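Two forms of the same protein chain are encoded below as structure tokens; each is given separately, as structure 1 and structure 2.
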Structure 1
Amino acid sequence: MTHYKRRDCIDGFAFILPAFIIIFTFVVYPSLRLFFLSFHDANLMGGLKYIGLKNYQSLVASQDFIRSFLVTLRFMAMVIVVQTLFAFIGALIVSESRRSASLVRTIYFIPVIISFVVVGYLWQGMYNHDYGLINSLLSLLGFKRIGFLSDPAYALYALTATCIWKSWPYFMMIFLAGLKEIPGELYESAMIDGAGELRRLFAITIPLLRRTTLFILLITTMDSVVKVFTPVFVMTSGGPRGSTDLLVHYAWRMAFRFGEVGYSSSIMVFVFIFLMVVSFIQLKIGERNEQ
């Protein structure tokens, strides 16, 4: 058994106490509460009635929920693939230590620091059927104008593009940090052996970025499911015809527009379990590749 000094015990707990009071009250307790609420018929003012698994039964039976889950899956898949690709290519472009590279890096990074509310309205303007820049360009090229955010066939893609536009440079920075960790000698000896740029990319860069990539995939999965409330709320409110109603927005709507706190808690419990399962699978695959 480790022996602790009395003074260390007191100091240790005293130092973490303020932070833990906050985290217990506003993260741990509400997390347990979420689980608890999902078995109740609950409203926003705290009213409760135990109803067992009813919320989960209506969840499975709800067309809206199924659609929202499928929309979330499609959104997630698109973001994970396209955004990670952009981030990787961007990192390769700005990884050179030329002066211009640092300026380019700064430019790329600007969308990351603009708030999602502003980004949402900015792209709503870009997509506007009449004055929007994209439709102006389309009509210049002789195409028909598209109601990007009003046509169910396009809205999810338009939303996805906006979210990727804002977030890819963030992950570019993480790839960039990973690239810096790769020893330069590896490239030098590969060049002496006559390996071309492409060959070096596939034989050195990509395999050695495995851990960084796994980390990025884990974060991207989480973000693409969870950090999407604001763009949906601002750009489409879930429409048209539910085509962009991602799970976190759907749950928020059920709770704060319809007062169905119990039902929306069960949605969020589902989101949580779904994320745990996906992350676990990603970690397992990552581990297997490690060997």
Structure 2
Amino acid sequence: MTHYKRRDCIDGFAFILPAFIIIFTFVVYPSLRLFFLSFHDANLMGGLKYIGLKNYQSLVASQDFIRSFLVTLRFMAMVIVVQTLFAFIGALIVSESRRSASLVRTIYFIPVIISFVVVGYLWQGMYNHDYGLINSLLSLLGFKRIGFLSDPAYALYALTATCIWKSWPYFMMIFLAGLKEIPGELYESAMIDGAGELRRLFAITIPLLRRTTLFILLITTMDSVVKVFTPVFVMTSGGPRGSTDLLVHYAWRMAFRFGEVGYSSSIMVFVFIFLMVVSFIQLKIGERNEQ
């Protein structure tokens, strides 16, 4: 290796070293540590005892875990379907409004840049049974007030609506980027052939957005399982009666309220494996549709 090639390698490693240190410190090492702790009886006081697969056996036998997993599945299904649909429809509407497109995008995107803590407290106030805006409007219209966050029948739907309101504009922007990549000539040819709007939508727009949709589904799936701790913690703390106790909140509760760090780690390992399986299935379905 010449002096110049050796110098280029050293320079290259020097540039990637800070990123490598950050990724290893905050991603790789915590992940390996989590997997390690899942095979131990660990607690917050530093106690550590190898117990093999007992944490995973307790996981399967736990009614609380099964309930939390089923709640997570319901939440994930609602978010994936409704949020993706809202984002797609919003992108179609914004792409058609040429004059005010920039203003509309800015207004729609405001919820995305607001902290989830702020959003959680904002919607918690709006859902309030006694003085919340939504219940005040319902009362004004002659309807009965609803305990959005205090009634197990409504709490998960209220939490889901808040999370969708916060995140769907981000995915709308991704759909907009995908729409811009579709050649306008295809629509012009279809119009000349007499294809109506619905025909163009299902024959051109949706098929050519398949890769964009797959990407959005993958990200939405991961977000709906992992990045939901803050709204749950702020708005409901997993209640009422466990109706919003999603897996990430359940894992946090077992670790920091009951001190069962090893058991909590096994929950998050399960979450990781579950997401890998779901993502693999989504990718395989996407590849099949491409053929």
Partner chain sequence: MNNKTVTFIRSTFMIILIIMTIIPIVWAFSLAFRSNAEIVSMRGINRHTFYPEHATLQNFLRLFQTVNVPRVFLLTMFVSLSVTALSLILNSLAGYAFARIPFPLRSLLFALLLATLAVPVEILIIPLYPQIHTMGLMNTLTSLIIPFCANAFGIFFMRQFFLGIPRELEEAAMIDGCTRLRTFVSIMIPLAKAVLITLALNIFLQQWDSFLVPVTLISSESKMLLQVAINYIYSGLYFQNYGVLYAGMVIATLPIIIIFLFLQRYYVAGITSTGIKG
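The first residue in the sequence of structure 1 is number 1, and each one after it adds one. Throughout, rigid core stands for the largest set of C-alpha atoms superposing within 1.5 Å between the two forms. Small disclaimer: the values here were computed from a predicted structure and weren't measured.
Structure 1 is taken from the form predicted in complex with the partner chain, while structure 2 is not. Once both forms are overlaid on the rigid core, the distance between the two CA positions of I281 between the two structures is under 2 angstroms. When the rigid core is fitted, A14 shows a C-alpha shift of 2.8 Å between the two structures.
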